[in-house]
Structures are given as structure tokens and as C-alpha cells.
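Consider the single chain below, provided in C-alpha cells and representing the form predicted on its own.
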């Protein structure tokens, strides 16, 4: 085990020396990888922020549960108890028919309602969920409309469906872009390592004559490709954070214009590690090929 660790440490140091011998070429290769990785990574981060901004502008989607006109207090409490047992519920509030009528009068419809002898509005519950998943809204609608004393269930989720469809399309496009750029990065690493092998051809032949195994000879090249990927991943991470900082103030102004408080957020530590890890894996794969 100690010998294995020593061999890898030795290969790691040798790969660092090879990277340091040609700093300009190393920097250019890392920049190519960083820019290519920053495009899909930044796209995913912006999609997450756009989704949060859209929810803030449009408000949380709601489910309106309208009760029968002749319900009494006990029947209203029965519906309330049913709501307390619903999973994924963020909050709900009861709107009495008198309160609903008052809200309509305050909205400027008092003259229209003045000619109606009795209050035509039903009691209702307004429900908000923890999730924006359109399928969850449909499932809960089907469940709630079968409850006793419920006359109608209305979803306020049309915008959620449209937003979900647009975000899904954007994520699919980002995935396709990520795959294409991933292939490109593998090719970049392949060519870089191939040139390294060609320039060290004589050294490799001497090592073979001295009894070096293929694994011993290949190990520094694997570290070389992996380290180059790590450098590219770090550059991509820096580019993403730089873009977030550049867009933070303009996005804040747009959000303020819509009366929403929102701040752009960059990748967290898990996403950052994943980005650097994927870059290292692509460098290793290009080396392996």
C-alpha cells in the first residue's frame, strides 16, 4: 500500500513538473477547458436563478377550494382537518364568503354586486404547496374535489406548467451542450497528452529497456490529464462566479422594478466540487483514450 501511494505521489510530482515546464501551453489548454465548462455550468446556475426569479414575480401557485353554499361550521372544520393531513402543504387560509364579498367591493365591483340581493360567493380555502410540480397540483385537485362539502377546486398553476415546460426545454438544451463540449474537452486532452507522449518518446523507450511496466509509464500521463482537467474546472468555476457578480446588480434592478427582492446565487460547495471533479474525469478520459 505504501509503495502504491509512493508511486502515485512520484507520478503526481512528475506531472506537475511537466505542466510547469510549459506554462503558456498549460494555461491555454486550461483556459480552453475552463471556457467550455463555464458555458453549461453557468447556464445551469442561471436557470436556477431564473426559476427563483419567476416564482418571486408571479407569486406562489395556489389551489382554491370552494365549498357548498349551505355548509355550517362543523363541515368547514372537517375540510380544515382534511387539509392538515395533506402532505407537501406549505400553508392554507380560510376565506369566508363575507370576507370574499368585502374584497370584491374593495376591488371596485361594489356597484355590480349591489343589485344582487344575497351574497353569491361561497366559503373557500386558499392552499399553497411546498412544491411547484404541476403533476402534484393535479393529483391534489383530484383528491380534494372528492371531499365532502367541496363544490369546486380551482388550480392557479397554468403559469407553473408553462414555466416548467420552458425550464425543462432549457435544461435539455444545456444537457446537449454539455455532452458536446464534454467530447470536445476529451479531444483537447487527447491531443495534449499525445503531444506529450511524442516529445518523450525516447525517454519512454529507455524506461522500457530498464524494465519499467506500462502502468509505471502511463501513471504520470494520467495525473497530467487529470491535473489539467482540475485547472480547467477551477477556471470554469471562477468564470461562473465572475459572471454571477457581473449580473448581480442588473438582476437586482429588474427584480426591484417588479417589487421582488432577489439576489443571484452561485454554485454551492457540492456543485463546485462536482464541476471540478467532472473536469478532472474528462481529463483522465482523454488521457486514457
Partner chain sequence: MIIFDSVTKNYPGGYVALDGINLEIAPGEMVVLSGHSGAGKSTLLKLIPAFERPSSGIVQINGQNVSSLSRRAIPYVRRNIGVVLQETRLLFDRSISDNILLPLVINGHPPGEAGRRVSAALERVGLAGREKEFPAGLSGGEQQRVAIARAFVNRPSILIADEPTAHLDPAYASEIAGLFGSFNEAGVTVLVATHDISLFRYWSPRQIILDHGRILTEQ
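Residue numbers count along the first chain shown, from 1. Here the structure is a predicted model, which means the values were calculated and not measured.
In what follows, reference is made to the form predicted in complex with its partner chain, a form of this protein that is not presented.
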Checklist entry - If contact means any heavy atom within 4.5 Å, which of 196-204, 86-94, 168-176, 143-151 contacts its partner chain in the model of the complex? => result 196-204
Next on the checklist: What I'd like checked is whether 47, 51 and 253 together line its partner chain in the model of the complex, meaning each has a non-hydrogen atom within 4.5 Å of it.
Outcome noted: no
Checklist entry - Which residue, 209, 187, 180, 74, has a heavy atom that falls within 4.5 Å of its partner chain in the model of the complex? => result 209
Checklist entry - Would residue 270 sit within 4.5 Å of its partner chain in the model of the complex, counting heavy atoms only? => result no
Checklist entry - Wondering, does residue 281 line up within 4.5 Å of its partner chain in the model of the complex on heavy atoms? => result no
Item to check | Touches its partner chain in the model of the complex: residue 7 (any heavy atom, 4.5 Å) | outcome: yes
Item to check | its partner chain contact at residue 214 in the model of the complex, heavy atom, 4.5 Å | outcome: yes
